[in-house]
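Below sits a lone chain in structure tokens, taken as the form predicted alone.
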């Protein structure tokens, strides 16, 4: 008898499909109504950090260079008070096979898929991760299918996403092109069920383990170059895996540097809106993913998300589209490095953060990504104009998402702004309360939630009392 392939039926079988496509039973980690044994789930991957480094070296991943951006640092110092302007370093993840840090995430999944005898891999991705999975699958002799949102309802595709689809196909993947909407994860589950391929989800323990090598590497590279640990590490925040894996790797290296998330502020635009889909110039690393996944990570395509960014996040900087385009151009002109604008999100945040730090302090921007064709900032700006977006020079704070992009005239105008961390934590608690009534929370649940928001139990009890009083 054929299976029910309606949306409701497929989504109801999510846990069953996940178990089949990864060999991972999430139910065994459940410890409470909300809580699960996160560290046991991560440990059950079976890989040490040394294993991860070895596996990644087999497929052209890892050991990427760290550069000090001396010219950019000097330019920032001209906009600071005397004695301010931290040294800015960048980890050049564009050197990985496929051109982004996501090769690290895909490398472990591909290894596991091969070891477990799967014939192929499936990934749902806006593109960079899809290209990473396709690249790793090709090297492991596996087939690959990428499910990708590319078009609005008029079949108009943003040039960056079209370029990433081309790259997926260049590595031999089949790309299933969708219009924007809620169908992405549904189609992903359908493909997994039909093919019996491995689920190379962004949010599995395998993917997060792969990023731990990045945090570990950058700490040791800074120690070698500067003789001390970094003071802050800037990490582009989307679904949270980048930050989670990097922070875990830093801790494994014995480094307690400040972990700062950074996203492009796309407030006012809805990520699943057909109208808004092509009126944003960033398809990842923005608040449309960064904030929702921070305040409720288990909205992902797996039962329990291994990317839990609030556990590790100390601060959160938001930057504007125009500011990122300006810094992308500046990186090319001052440092001779042409990298994709999405990967320069955290570099833009570093410019703003460096001004408040001392000259002898160190900031590491932990990723870059490749550029070219549709991913180039000039292509993105040309497309924005075609979609009726005003692009001009001036004060970037005057930009209105979906209507205008204002590119700074001077570096001093790259200022960003801080996200309220306490507001994020309270949003997480509200979501947790919606899923399970706080009266049913056990001590295990409370300990889990407190750790998930990087706070202690007294803070949690006070916050819950406040929410109860407000309701």
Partner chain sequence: MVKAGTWVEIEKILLTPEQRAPQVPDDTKKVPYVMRVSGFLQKDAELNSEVTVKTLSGRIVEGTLVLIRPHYEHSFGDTVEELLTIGLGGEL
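Numbering follows the first chain given and starts at 1. Keep in mind it's a predicted model, so treat the numbers as computed, not measured.
There is another form of this protein, the form predicted together with the partner chain, and it is not shown here; the text below is about that form.
Note on the partner interface in the predicted bound form: the residue among 269, 138, 300, 180 having a heavy atom within 4.5 angstroms of the partner chain is 180.
Of the residues 173, 94, 260, 189, just one reaches the partner chain in the predicted bound form with a heavy atom at 4.5 Å or closer; this is 173. Looking at residue 80, you'd find every heavy atom of it more than 4.5 angstroms from the partner chain in the predicted bound form. At the 4.5 Å threshold, heavy atoms of residue 256 stay clear of the partner chain in the predicted bound form, well away from it. Among residues of the shown chain, residue 116 is not one whose heavy atoms approach the partner chain to within 4.5 Å in the predicted bound form. Of the heavy atoms in residue 411, some are within 4.5 Å of the partner chain in the predicted bound form.
From the list 344-352, 283-291, 230-238, 323-331, the contact stretch for the partner chain in the predicted bound form under a 4.5 Å heavy atom rule is 323-331. Shown here without the partner chain, the chain has 194, 195, 197 in 193-232 lying with a heavy atom within 4.5 Å of that partner in the predicted bound form.
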